[in-house]
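There is one chain below, alone, in C-alpha cells, taken in the form predicted alone.
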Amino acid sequence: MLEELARIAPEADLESLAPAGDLRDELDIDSMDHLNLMIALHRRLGVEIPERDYPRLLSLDAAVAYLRTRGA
C-alpha cells in the first residue's frame, strides 16, 4: 500500500501519514489520483475493487482492512 501511495504522491511524507486520516487530504491528492491508486492496488494485488467500494478505502487503516477482507 505504501509503495503505491509513494508512486501516486512521490513528494508526500508517508511516515507522518495519519493511519485514520483521509488519504486525499493527508497526501493532497485529487479524485483522479485516488482512482489511480485503486487501479494500482488492483494490478499489484489482483483484488477487484468495485467503484462503489472506493469510499471504503479513504484512509490507510480502512484500505488495509478492506484489502485484507478481499484476500490481499
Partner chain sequence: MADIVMPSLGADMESGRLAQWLIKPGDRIARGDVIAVVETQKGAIEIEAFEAGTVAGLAIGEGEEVPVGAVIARLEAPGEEAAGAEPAAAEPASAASPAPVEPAGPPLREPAAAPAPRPDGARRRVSPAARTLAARLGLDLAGLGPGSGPGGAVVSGDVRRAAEAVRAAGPPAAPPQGARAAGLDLEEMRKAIAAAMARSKREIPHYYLVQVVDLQAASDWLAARNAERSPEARLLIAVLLLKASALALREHGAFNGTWEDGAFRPGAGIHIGNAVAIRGGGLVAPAIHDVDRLDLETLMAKLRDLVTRARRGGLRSSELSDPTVTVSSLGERGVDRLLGVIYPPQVALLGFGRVGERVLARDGVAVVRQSVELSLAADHRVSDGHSGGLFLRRIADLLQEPDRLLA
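Positions refer to the first chain, counted from 1. These numbers were taken from a predicted model, which means no experiment stands behind them.
One more form of this protein exists, namely the form predicted together with the partner chain; it is left out here, but the text below deals with it.
Undergrad: Is Asp61 one of the residues lying within 4.5 Å of the partner chain in the predicted complex, judged by heavy atom distances?
TA: Asp61: no contact with the partner chain in the predicted complex.
Undergrad: With heavy atoms only and a cut-off of 4.5 Å, decide whether Pro19 touches the partner chain in the predicted complex.
TA: Output for Pro19 is no: heavy atoms all beyond 4.5 Å of the partner chain.
Undergrad: Might Leu35 be said to contact the partner chain in the predicted complex, defining contact as any heavy atom within 4.5 Å?
TA: Residue-level check for Leu35: yes, a contact with the partner chain.
Undergrad: Is the gap between Ile8 and the partner chain in the predicted complex 4.5 Å or less for some heavy atom pair?
TA: Yes - in the predicted complex, heavy atoms of Ile8 and the partner chain come within 4.5 Å of each other.
Undergrad: Can you tell me which residues in 26-50 come within 4.5 angstroms of the partner chain in the predicted complex, by heavy atoms?
TA: Those in contact are Leu27, Asp28, Ile29, Asp30, Ser31, Met32, Asp33, Leu35, Asn36, Met38, Ile39, His42, Arg43, Ile49, Pro50.
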